[in-house]
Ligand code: HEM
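So this first bit is one chain, no partners, the form predicted on its own, shown in structure tokens.
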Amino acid sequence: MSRSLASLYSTAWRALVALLVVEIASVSALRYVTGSEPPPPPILANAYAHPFLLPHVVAGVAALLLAPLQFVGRARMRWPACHRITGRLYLAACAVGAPAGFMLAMGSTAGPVAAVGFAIPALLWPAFTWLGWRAAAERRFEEHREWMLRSWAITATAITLRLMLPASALLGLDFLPSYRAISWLAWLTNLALFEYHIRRTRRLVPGPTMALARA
């Protein structure tokens, strides 16, 4: 692939992710914060929707909006203080969203398969984020980048989930079995793709990346 085509592909991919992030954030705000749109009945039927649904949604939306900003290299190098501030906000969002998400997983009406499928990423999310923060604090910046990419993979499960669910409906698949499968596929697919990217980047760019500003 030529350099110009690679640049075009990268730009198009980032634009698509940005559109999906904004769309999901907007719909989530309308459904769960403002009440302008009715939430799906299965979500409201969750045994722990009150009080954990709203904190999970607000924190998840914040993390979804903040995470992509952390990987804009030019902004990170030009405004390192902004990178640190938004990074801390992302940490806070994970600290709130993950335990709330775990409780919602335990209250899922889709059965134990879906409950475990949603609970595992709720545990991985803060673990990856903490490992990324610790690596930055110890100035291991390449490891910091990799762990935060894995954290972003879990955050982006919100995107994958909302792509897979309508896709399964278009394919005429039964909702409940599809939902149970997607509770696993959404985050496993992301982790697999991000891990491939991380390992491919290691081969293409050996050695440490340019250091971030002091955390």
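Being a predicted model, the structure only gives us computed values, none of them experimental. For every residue, the number given is its place in the sequence shown, counted from 1.
One more form of this protein should be noted, the form predicted in complex with ligand HEM, which is absent from this view; the next part is about it.
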- Query: Among the candidate residues Q70, T189, N46, S168, which is the single one with a non-hydrogen atom no more than 4.5 Å from ligand HEM in the predicted complex?
  - Reply: N46
- Note on the structure: With the partner omitted here, the residue among I182, M148, V57, L66 that in the predicted complex has a heavy atom within 4.5 Å of ligand HEM is V57
- Item | ligand HEM contact at F118 in the predicted complex, heavy atom, 4.5 Å | yes
- Query: Do S108 and ligand HEM share at least one heavy atom pair within 4.5 Å in the predicted complex?
  - Reply: yes
- Could you confirm whether A136 comes within 4.5 Å of ligand HEM in the predicted complex, counting heavy atoms only? no
- Classify P51 as contacting or not contacting ligand HEM in the predicted complex by the rule of any non-hydrogen atom within 4.5 angstroms, answering yes or no. no
- Within 131-161, which residues come within 4.5 Å of ligand HEM in the predicted complex, counting heavy atoms only? I154, T155, A158
